[in-house]
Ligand SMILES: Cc1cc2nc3c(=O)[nH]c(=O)nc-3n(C[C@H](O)[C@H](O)[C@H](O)COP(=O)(O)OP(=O)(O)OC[C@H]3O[C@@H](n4cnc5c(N)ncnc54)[C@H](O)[C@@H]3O)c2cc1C
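Only one chain comes next, encoded as structure tokens, the form predicted on its own.
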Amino acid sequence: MPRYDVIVIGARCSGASTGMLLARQGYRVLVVDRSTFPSDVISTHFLWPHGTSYLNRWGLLDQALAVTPAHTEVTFVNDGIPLTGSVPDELLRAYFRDWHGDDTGVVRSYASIRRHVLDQMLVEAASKAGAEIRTNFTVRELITEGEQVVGVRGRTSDGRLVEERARIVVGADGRNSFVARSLGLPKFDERPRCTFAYWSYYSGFDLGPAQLHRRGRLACAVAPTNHDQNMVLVWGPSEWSREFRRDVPGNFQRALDFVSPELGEVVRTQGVRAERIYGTLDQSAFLRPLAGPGWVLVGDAESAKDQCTAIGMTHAFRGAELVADALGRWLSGDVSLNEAMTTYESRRRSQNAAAYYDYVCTLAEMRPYRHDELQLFVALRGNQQEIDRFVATHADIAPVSEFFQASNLLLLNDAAKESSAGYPVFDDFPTTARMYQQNLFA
């Protein structure tokens, strides 16, 4: 009999959450991570309302919001066309009933929670639930018997080499997953076109709810976060990154001024940068196989996407609840492992999940919006119900296929209450479109 029911490799959003949920079901869980906590990691650290709803379902939201600002409204500004909305309660409840069969714990607020705050909280919650947590633990090898994964060999914080065995090993170790590489798992449906992103933290101003701006092939966002600071983020097409890197501080401000002169002015005149500017250059998307003999993947290890919709942490929580539910039904003897993994895979590779993967990958190409796409944003103004549904669609709460179906777009256009005449982007659109193709940093 193995010492553990489950070994989870990775103790961040997907790993600590999976370990916590399985430990709460009474299973013997070991969670290992090479980091020590608290620690930061490359992340947009943004939780959409379903992300905060997971924390609420798990009894952790009050602790998170005690140190983190939260809002319900978010503003999108595309080429000067503003849309402010929030996710409707009924769509959130439908989301949880569809994915998990119940809608308990739903809240409409979102929050931007620094990883050194959130990951520490999740690790502590997993430990409190009864999971054994080993940090500063480096996994060196998966132990296999035939094709079956049966455990791990690794080095502990005091330098000892140890072996631990379990009925199943969960790879929750991110896009560069050691588990996936050790097993030689292929990537599929790869999407190489992605964004570069740079961000930092500023005090000195309070703009309230989060803002996301887009102009041409560049975008920026500001969101209030912990320590009375704002995360300020700029991103653009990866093929412009080489020129951007020649002067990161200068081009960071230049991008802000181009995408949103108002936000650029606030950051320049009022902002006090608290940390260095961080960056990431390769966010290409891919999928991996989900499960095999003695192993299963969750979070970015099984499906990595670009940061442009800031959905990674929220999806990590969703995956944790799905895989913990599937493994719990197998460990309890209710279903076979094959049946449990088939259910997990059917949820994670559903048609709606595939449609949202395509949506994120298309946005990550950072093509300038077409004339008709910008007209759609104009048509949405004055229709708060549809603005809210657009916000929910962007955040993967409502199905992409329902909002963007042709009949809905035609109805929106017919019901438009506002003319596009008042927006400068339409004045000489062909010239503007050509200008947008030029690399701002070249």
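A residue's number is simply how far along the shown sequence it sits, counting from 1. None of these values were measured; they are calculated from a predicted model.
What follows is about the form predicted in complex with the named molecule, which we do not show.
- Judged by the 2.4 Å clash test against backbone and C-beta atoms, the pocket of this chain is blocked once the named molecule is superposed from its pose in the model of the complex, as three or more ligand atoms violate the cut-off.
- Although the partner is absent from this view, Gly174 contacts the named molecule in the model of the complex, with a non-hydrogen atom inside 4.5 angstroms.
- The named molecule in the model of the complex comes within 4.5 Å of a heavy atom belonging to Gly312.
- Using a 4.5 Å cutoff between non-hydrogen atoms, Asp33 counts as a contact of the named molecule in the model of the complex.
- In the model of the complex, the named molecule sits within 4.5 Å of a heavy atom belonging to Ile42.
- Stretch-level contact analysis of 132 to 140, 185 to 193, 161 to 169, 87 to 95 against the named molecule in the model of the complex, using heavy atoms and a 4.5 Å limit, identifies 132 to 140.
- Comment: the named molecule is not present in this chain, but in the model of the complex one of Tyr359, Phe76, Phe178, Trp240 has a heavy atom within 4.5 Å of it, namely Phe178.
- When contacts are defined as a non-hydrogen atom within 4.5 Å, all of Phe46, Val298 and Gln307 contact the named molecule in the model of the complex.
- Along 179 to 203, a non-hydrogen atom within 4.5 Å of the named molecule in the model of the complex is carried by Ala197, Trp199, in order along the sequence.
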